[in-house]
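Just one chain follows, in the form predicted alone, and it is written as structure tokens.
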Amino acid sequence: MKARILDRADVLKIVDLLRQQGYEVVAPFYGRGRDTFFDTVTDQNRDRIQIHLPNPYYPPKRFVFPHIERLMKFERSDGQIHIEPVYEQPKRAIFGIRSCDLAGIYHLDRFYLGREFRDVYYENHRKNLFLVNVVCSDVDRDINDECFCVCTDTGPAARDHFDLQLMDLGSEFMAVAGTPAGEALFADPIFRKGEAAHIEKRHAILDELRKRFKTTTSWFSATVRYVTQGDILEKTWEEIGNRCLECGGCTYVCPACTCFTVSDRPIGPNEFERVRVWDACALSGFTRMAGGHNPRKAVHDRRNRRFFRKLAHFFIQRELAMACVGCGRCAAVCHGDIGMPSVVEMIRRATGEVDKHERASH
């Protein structure tokens, strides 16, 4: 990977370069209070783009996997049904995507494109996507209490799967190219060659950053083992289920969740559309069958399934990583305090109690 240095004042010129190349650029902005969001860059809001800010709760995965997406349109006329697939192929760049969300999109890549069947709708959104990763280097703004990317090995600085990565070194930024498309930007005069001191400063900043995360746990690997082997006590799953309000919030803010449902709906007297919409295993209708039977009616069964899907070895082996990127959004939005860090800790405590009783019995 090649790296270059640019002045702080020139960082947003990268947005200008991408827009000149025909990209629709989306970037992070501040709303009111804690509210932050990704939005399309225009001439009017370009100067309000934020490099450092709390990660928006609504993940940018929606730009490759929309919350609601039309798949096809049906029209009935003269006794005939005409079916028209709907494909969107936007040329889009996400500026300021954090390392955890970058890992989330790569997880979606492996799910939708990395196996025997490829999702053409996802592929169309993904093929022209340019990703500008920003390293979370501002402890006060970038890193929340809930962040735990150091535990999932996804941050604070991504190692790959970006086109361009930016890291704040103070008065300057380091830009690292991850693809030929990212490297092509280095032809612009805003970029210059760096020195060994820049690399040393990058390493020093990252070493210090890793010490500043408040939510850390070394128990992920043990939790994966216990979930995979089915060693979690039923009462532990019931305790987790009793806390769940079945709102689906954890799924809707998760960068790595892939589930959706498909529905047909009328859009005119003789027109219909088929859409897919994000779905959530927390919702009672998720596993309900056509005849009305629901094999996972109890909420703790659905909680069980959620964490099995994210942590079991079968899925990790299939997708090369667990379906958790350490963004902490589930911990931030869950009213029942059963985000991923809390569940890992509950499993740790429950397993510790069992081990203690087993040792005492021998």
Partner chain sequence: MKALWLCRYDPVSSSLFDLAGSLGQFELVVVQHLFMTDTAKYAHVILPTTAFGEERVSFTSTERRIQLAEQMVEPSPGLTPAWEQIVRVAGLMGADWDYPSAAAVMEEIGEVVPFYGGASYENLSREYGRQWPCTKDQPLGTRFLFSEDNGRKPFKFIPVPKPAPAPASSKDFPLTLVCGSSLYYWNQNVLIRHSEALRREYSILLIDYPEGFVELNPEDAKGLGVRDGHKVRIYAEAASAVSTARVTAEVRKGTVFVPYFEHDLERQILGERRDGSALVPVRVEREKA
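Residue numbers count along the first chain shown, from 1. Owing to the predicted nature of the structure, the values given are computational and were not obtained by experimental measurement.
Only in words, not in the display: the form predicted in complex with its partner chain, which the text now covers.
Checked against its partner chain in the predicted complex, the candidates D160, D145, E246, E239 yield a single residue with a heavy atom inside 4.5 Å, and that residue is E246. The contact with its partner chain in the predicted complex, taken as any heavy atom within 4.5 Å, belongs to G285 out of G230, G285, P180, P189. Contact check for N128: every heavy atom lies farther than 4.5 Å from its partner chain in the predicted complex. Proximity of D35 to its partner chain in the predicted complex: non-hydrogen atoms within 4.5 Å are present.
Put simply, V139 is far from its partner chain in the predicted complex: not one heavy atom of it is within 4.5 Å.
Mapping the unseen interface onto this chain, I199 falls outside it, with no heavy atom inside 4.5 Å of its partner chain in the predicted complex. In short, of 200 to 208, 94 to 102, 162 to 170, 274 to 282 it is 274 to 282 that has heavy atoms within 4.5 Å of its partner chain in the predicted complex. Residues in 65 to 101 all lack a heavy atom within 4.5 Å of its partner chain in the predicted complex.
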